[in-house]
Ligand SMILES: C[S@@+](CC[C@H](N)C(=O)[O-])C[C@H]1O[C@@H](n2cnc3c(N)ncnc32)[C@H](O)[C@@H]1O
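Next comes just one chain, in structure tokens: the form predicted alone.
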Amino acid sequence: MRYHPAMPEAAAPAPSASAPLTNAGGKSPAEVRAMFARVARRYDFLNHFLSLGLDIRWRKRAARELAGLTAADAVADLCTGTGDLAFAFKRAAPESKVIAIDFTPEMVAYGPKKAERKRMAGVSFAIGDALHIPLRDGSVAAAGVAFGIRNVGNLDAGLRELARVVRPGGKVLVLEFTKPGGWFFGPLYMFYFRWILPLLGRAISWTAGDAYRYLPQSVQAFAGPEEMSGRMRAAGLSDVRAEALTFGTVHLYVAVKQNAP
């Protein structure tokens, strides 16, 4: 269990000069970082409370995809927040090294403290950008993101980065919210998501600002399962499958990096 200001594996490349990045919710990377810095202290409680604890089950389901990994394997969790997916990965692959990376220092700072409480050795925390992952090409057996790819300023570039750091034959795992269908549950869920959830979030954490209004806005604007699967294939991934969880409110995307020609 360690905390690094930057990962030693490789230096992140400098961003190229281009149009300003904005994500599905219309926020820039700087705005996203500031938003998560504000909610860091209450982030875990709000995640579990507002999802009725289902977020724990979703991460556990994603982590089952790591079955069979050994001490020779490493796994990366991008947009890790305070490390919940990284801990789920470690439980599923206890012999493997897990590297947890996020670009918000205030969030990452909670990770080692949680690891100590959970007695979770073998998880390293680092500050790094999902668009410029500080890992070598093909250096991990799997890379995952839980509810973070939607916040990345360039979805396609983020997926390419995930594919880059995974070795040939390795997996990319993405958990993300989606708009559920159906004539009854879909509208009911979106009413909760648009109106009730932001009110609860603000009532519990007055420092949250617009974070819990941004959440439903970004989910509504984000790619659905078909589009997301296509973008993963375009990033060089194959055998893409999208598994609907909890009536389609969340999807788990699983893909395999193609072997080198």
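Residue positions are given as counts along the sequence shown, with the first one as 1. Everything quoted here is computed from the prediction, not taken from an experiment.
Not on display, but discussed next: the form predicted in complex with the ligand.
Asks: Would you point out which of 180-188, 160-168, 116-124, 97-105 contains residues with a non-hydrogen atom within 4.5 Å of the ligand in the predicted complex?
Replies: Of the stretches listed, the one contacting the partner is 97-105.
Asks: Answer with one of R38, R231, R213, R59: the residue that has a non-hydrogen atom within 4.5 Å of the ligand in the predicted complex.
Replies: The residue in contact is R59.
Asks: Could you spot which one of A93, V152, V172, V140 gets a heavy atom to within 4.5 Å of the ligand in the predicted complex?
Replies: Filtering the options by heavy-atom distance leaves V152.
Asks: Hey, in the predicted complex, is Y43 touching the ligand, heavy atoms inside 4.5 Å?
Replies: Taking the distances in the predicted complex, the answer for Y43 is yes, it comes within 4.5 Å of the ligand.
Asks: Can V32 be called a contact residue for the ligand in the predicted complex at 4.5 Å between heavy atoms?
Replies: Within the cut-off, so yes.
Asks: Please check if A130 has a heavy atom lying within 4.5 Å of any heavy atom of the ligand in the predicted complex.
Replies: Answer yes; at least one heavy atom of A130 falls within 4.5 Å of the ligand in the predicted complex.
Asks: Flag N47 as yes or no: does it have a non-hydrogen atom within 4.5 angstroms of any non-hydrogen atom of the ligand in the predicted complex?
Replies: Yes, N47 sits close enough to the ligand in the predicted complex that at least one of its heavy atoms falls within 4.5 Å.
Asks: Given a 4.5 Å distance limit between heavy atoms, list every residue of 44-83 close to the ligand in the predicted complex, or none if there are none.
Replies: Heavy-atom contacts to the ligand in the predicted complex: N47, R59, C79, T80, G81.
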